[in-house]
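Consider the single chain below, provided in structure tokens and representing the form predicted on its own.
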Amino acid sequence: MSAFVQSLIDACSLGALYGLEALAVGLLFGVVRVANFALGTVVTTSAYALYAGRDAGLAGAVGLALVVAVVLCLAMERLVFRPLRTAPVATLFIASFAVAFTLEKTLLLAFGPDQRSFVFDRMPSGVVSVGGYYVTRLSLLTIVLVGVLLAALVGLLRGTSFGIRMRAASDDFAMARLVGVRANAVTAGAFAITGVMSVVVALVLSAQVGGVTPSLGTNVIVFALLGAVVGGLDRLGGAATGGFVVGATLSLLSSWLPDRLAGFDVSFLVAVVIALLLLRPGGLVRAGTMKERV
């Protein structure tokens, strides 16, 4: 029973992490209408910033990573996606691949292909007893971090004028512009928020693997994109739900599949995703009406 509870908590931890990244995907899709593949390299860049600031301690490294991630996302929005705002969706998606490829190769040239190992003394390690069951402290921290960040995001979107404008732009960008919402401010704000989310994902991922490589964020963005599609790209709650489902399912498959099927967890996950899409082509959460940019 202890192993079963541990696997469930690990599933919630990974699901929360992928749900957060899927929410970032959904947020940008709602405002810019692009499933931004480059968010994976923002996660990787954030992890390298954590590595670069490791001598300043956890707080200093996180502060540096936040600055780097937000500036990178704002530059991405201003230099790439704002000029292409009225371009077809396919063009935007290809542009996101180009940005991701360029950033990954830049990191490869700067840091090399080998893992840069680091660990923060203040990051939790080991296990703790919860209700008589032993679970990893990192899993619990991940759930708490994601929960706090999601609560802050909900508060921003529902309790501030900027958040309300962002929700309006996500639901109907063209109408929001007609009633006075400043498009540049909303898109820049959405990109900046995804930068903050990427730092949280990078912090947890680097703690899990004990370092960073140029491809650290690739897997998480692929699964986050899958989750966002499964949940419903044009609904923020749907994207987060889908990311959680994909992450939790992957974790449970890794724990529960027999030894002879070890290594096929991703194949089974894809089968589950296909089945969900066949049952709910519009996503787990009812899809809204998608508006074209004008």
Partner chain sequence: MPRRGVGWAAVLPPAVVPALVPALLVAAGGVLTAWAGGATERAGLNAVIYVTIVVALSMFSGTTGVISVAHVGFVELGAYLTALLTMPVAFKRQVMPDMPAVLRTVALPFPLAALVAMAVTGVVAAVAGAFLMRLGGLQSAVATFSLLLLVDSVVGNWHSVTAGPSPLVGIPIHATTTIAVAVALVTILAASVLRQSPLGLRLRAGRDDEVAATGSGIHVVADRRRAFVLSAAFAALGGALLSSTLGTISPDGFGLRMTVVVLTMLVVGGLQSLAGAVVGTVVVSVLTETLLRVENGTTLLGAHVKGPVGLSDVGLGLAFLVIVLWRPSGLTGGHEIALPFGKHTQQRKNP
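Between two forms, the rigid core is defined as the largest C-alpha subset superposing within 1.5 Å. Residue numbers count along the first chain shown, from 1. As the structure is a computational prediction, the values presented were derived from the model and not from experiment.
Omitted here: the form predicted in complex with the partner chain. The next part is about that form.
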Even though the partner chain is not shown here, does it sit in the predicted complex so that 66, 75 and 183 each have a heavy atom within 4.5 Å?
-> no
The partner chain isn't shown here, but in the predicted complex, which of 205 to 213, 159 to 167, 146 to 154, 95 to 103 has heavy atoms within 4.5 Å of it?
-> 95 to 103
Heavy atom of residue 264 within 4.5 Å of the partner chain in the predicted complex = yes
Does the partner chain come within 4.5 Å of any heavy atom of residue 222 in the predicted complex?
-> yes
Would residue 244 count as a contact of the partner chain in the predicted complex, using a 4.5 angstroms cut-off between non-hydrogen atoms?
-> no
Taking heavy atoms only, is residue 179 within 4.5 angstroms of the partner chain in the predicted complex?
-> no
From the list 127, 79, 119, 175, which entry has a heavy atom within 4.5 Å of the partner chain in the predicted complex?
-> 79
If you check 236, 61, 31, 226 against the partner chain in the predicted complex, which one has a heavy atom within 4.5 Å?
-> 226
Contact set, 53 to 69 vs the partner chain in the predicted complex - heavy atom within 4.5 angstroms = none
Did residue 55 shift 2 Å or more between the shown form and the other one, C-alpha, core superposed | no
